[in-house]
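Okay, here we've got a single chain as structure tokens, the form predicted alone, with questions on binding and movement later.
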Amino acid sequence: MSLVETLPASQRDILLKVDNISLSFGGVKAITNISFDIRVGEIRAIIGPNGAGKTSMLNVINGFYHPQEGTITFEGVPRPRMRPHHAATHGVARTFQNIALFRGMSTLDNIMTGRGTLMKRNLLWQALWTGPAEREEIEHREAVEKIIDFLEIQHIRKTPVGRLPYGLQKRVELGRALAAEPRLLLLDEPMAGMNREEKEDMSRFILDVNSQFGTTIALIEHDMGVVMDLSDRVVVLDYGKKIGDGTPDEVRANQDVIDAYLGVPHE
């Protein structure tokens, strides 16, 4: 059971709302007039065929792309045009479809980079590494060690991530996103390229992040078994348009979704 299912209806507030978002690259329309919301505490899946606009939508949410039309409201406030680091300081963190880690750095140091937006001391203090800067870094390292314990990667804490197998690299990337203490965590195909055991582990961690940390999650995923098991609600995109939105059972029964994506024949 995800966190949102344990909350009374009055507490299931909308964390993020997407209103009539359209995004084009030249003459190519990546997203057309899409609206949906993400409620506090839920796991919200975004699914669809390749090229449906899913990653483009995540890039809009975290400020990497700027839509030509529409608005995004976060925690009840219409969000101004911002860059990804501004989104991070406002509580939005993400992982990527293609792993984006510092391959020569250790697991611990990679996760430590996720604390950057939470550090208050300036570069001079950090360079001197004394007094307040030293105390601050110790506090942040303690937080990182808790994440390492949570993700069960103590044995690779000092290993350069470039030497790790793919599944563990994905777990380290999740750890780096968690280090930012996000209110909204965006996961772009967190199971891609994993074997069954790795998917089961990642699914467990996603559920635990949601229930234990209280983190709201939006994820893109192609494994329909994972989507239907993890998600509270699912929004379905096809060719940049929304064709379905609802609970997993409602989406499974939506004939437009079946025709475009799930591939189940008509009765």
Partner chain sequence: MSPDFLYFIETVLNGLMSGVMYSLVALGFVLIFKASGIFNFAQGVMALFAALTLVGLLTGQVPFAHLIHAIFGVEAQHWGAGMPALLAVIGTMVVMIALAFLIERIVLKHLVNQEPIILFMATIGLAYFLEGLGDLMWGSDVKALDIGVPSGGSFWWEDVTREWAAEGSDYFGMYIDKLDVTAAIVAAVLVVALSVFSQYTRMGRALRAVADDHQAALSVGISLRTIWVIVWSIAGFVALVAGIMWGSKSGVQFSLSLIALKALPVLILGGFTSIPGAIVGGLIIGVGEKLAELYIGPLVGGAIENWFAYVVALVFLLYRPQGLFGDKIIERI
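Since this is a predicted model, take the numbers as computed values, not measurements. Positions refer to the first chain, counted from 1.
Note that the form predicted in complex with its partner chain isn't included here; everything after this is about it.
query: Quick one: which of 231 to 239, 210 to 218, 60 to 68, 32 to 40 gets within 4.5 Å of its partner chain in the model of the complex, going by heavy atoms?
result: This holds for exactly one stretch, 60 to 68.
field: Heavy atom of residue 96 within 4.5 Å of its partner chain in the model of the complex
entry: Flag for residue 96 set to yes.
Distance check, residue 203 to its partner chain in the model of the complex, heavy atom within 4.5 Å: Although its partner chain is absent here, residue 203 would stay clear of it in the model of the complex, with no heavy atoms inside 4.5 Å.
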